[in-house]
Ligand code: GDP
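Before any questions on binding or motion, here is one chain by itself as structure tokens, the form predicted alone.
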């Protein structure tokens, strides 16, 4: 397998920057336990090489066991403590495992959102998919004795050229087509082989409205729908201003769970502007949820509704442009009061 090692190393450098003093070392290994790349917090090259070498020797026997217990696509995560270190093992797709080495007294929960995001990027590099090595930094603050975590605090930006930028999130159960929708919108591509998102995936795309003389740039956070990632989703949701709730029209349970997703998102982002999307309408003969039910749910939530197919591209651009136009209208009105 050919792997872009330069991109792997760039990713580790960004990970080191994001975690700062919390990180002792980070190691990427393949499923056979072979160390593909590693980085430590030490500046001295000799100490760095000795530290990584020693940690690799420590990791290998645990890694051998972890790789056997993790099954492809199960998004396994485990921790292992020694007298000096706390290790987080994160499955990174079907080909790799990502190991984060922290001080033995470090808290794991503040690290997990960034570790999952990095594992998702590692999986994409191993698969040869499009990915940026850039990792947004987690800001940890203490407020009223509670830890408040915000990722890459993105706010509405308006430039002199009437350009707007918003953080957009996609929520919904696993395998409803959120990632396929994003790739169809951003790259106009569709992949039939399903690869679940690990934690979150981030992409960017701009909507241009020539008739209005303005454009909207979305920073799109595609949230993993599996329940094991619920503990970190609050961090990913921070400061989102627009969002798409997605269900699969061929799986009624994904429709039934939309209200839970709505409430989860609203607890973190009370003023977020949302729309509801029923995806996979190309599978009409397998439908379990009709359009009237989708519209009724959207009406109950007081949000817009549209049906799409990421496979054919039907209504995908429209769903994002609906949100873009809503935000332009909102901020145009506010800016001209």
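Bear in mind the structure is a predicted one, so any value in this text is a computation, not a measurement. Residue numbers count along the first chain shown, from 1.
Although it is not shown, the form predicted together with this ligand is what the next lines describe.
- The contact residue chosen from 186, 108, 175, 131 relative to this ligand in the model of the complex is 175, the criterion being a non-hydrogen atom within 4.5 angstroms.
- Note on contacts: among 201, 118, 254, 180, the single residue with a heavy atom within 4.5 Å of this ligand in the model of the complex is 180.
- In plain terms, the part of the chain that comes close to this ligand in the model of the complex, with a heavy atom within 4.5 Å, is 302-310 out of 288-296, 302-310, 23-31, 265-273.
- Taking non-hydrogen atoms only, residue 282 approaches this ligand to within 4.5 angstroms in the model of the complex.
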